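The chain below stands alone and is given as structure tokens, in the form predicted on its own.
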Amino acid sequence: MVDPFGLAIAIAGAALAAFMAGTGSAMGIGLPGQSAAGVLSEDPEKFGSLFLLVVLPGTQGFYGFLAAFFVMMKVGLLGGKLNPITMLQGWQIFFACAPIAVAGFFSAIHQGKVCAAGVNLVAKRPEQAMKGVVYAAMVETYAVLGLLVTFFLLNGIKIG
């Protein structure tokens, strides 16, 4: 039997992962996006060099969505038949979503700041664009680790 409170808590965890990582990504993309618009107003030819720096903080939003998708599959929301879930399992799922929610939110914002600095680098030295991307990828590592922890925790929760 499905405990409606357990299911609601699990869904809240999925929503938290998608919402926080997505919000961080939106904020993170805004930072280099503003800088890039200024650079492009002076030199539109730099669009290709700036594109990756602008979109890179958006990956955390995808990670949060992926975690939410895993939760929906685990509880049976996508299959049409809900899996039996207790309140304890709902809380386990909720807290399993926390790593990508928190890591995704903060890493996206900080990655946006690193990417904005990379945009400034490209403005002055276009040939150095990949160095800005490498620095931004270092921040990405922690979002990936958050997703992996969430994935492993979700896999460890036995339902049914």
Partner chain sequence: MELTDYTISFSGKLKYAYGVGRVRALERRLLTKGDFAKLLEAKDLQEALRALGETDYSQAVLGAAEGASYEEIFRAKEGELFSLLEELSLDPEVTDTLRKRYDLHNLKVLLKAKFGEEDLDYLFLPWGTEGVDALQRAIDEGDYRGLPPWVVEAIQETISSWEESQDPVVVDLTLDRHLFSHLLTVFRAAKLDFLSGWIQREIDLLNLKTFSRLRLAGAELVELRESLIDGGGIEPEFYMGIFAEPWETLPSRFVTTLYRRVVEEGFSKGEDLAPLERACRDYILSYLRKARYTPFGIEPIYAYFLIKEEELRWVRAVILGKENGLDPKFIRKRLPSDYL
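This structure is a prediction, so every number in the text was calculated from the model and none was measured. Positions refer to the first chain, counted from 1.
One more form of this protein should be noted, the form predicted together with its partner chain, which is absent from this view; the next part is about it.
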{"property": "In the predicted complex, the residue from Leu31, Leu56, Ala129, Ala68 that sits within 4.5 Å of its partner chain by heavy atoms", "result": "Leu31"}
{"property": "Among 60-68, 117-125, 98-106, 130-138, the region lying within 4.5 Å of its partner chain in the predicted complex by heavy atom distance", "result": "117-125"}
{"property": "In the predicted complex, Gly48 touching its partner chain (heavy atom, 4.5 Å)", "result": "no"}
{"property": "Contact test in the predicted complex: Gln92 vs its partner chain, heavy atoms, 4.5 Å", "result": "no"}
{"property": "Contact test, all of Pro4, Lys81 and Asn83, partner its partner chain in the predicted complex, heavy atom 4.5 Å", "result": "no"}
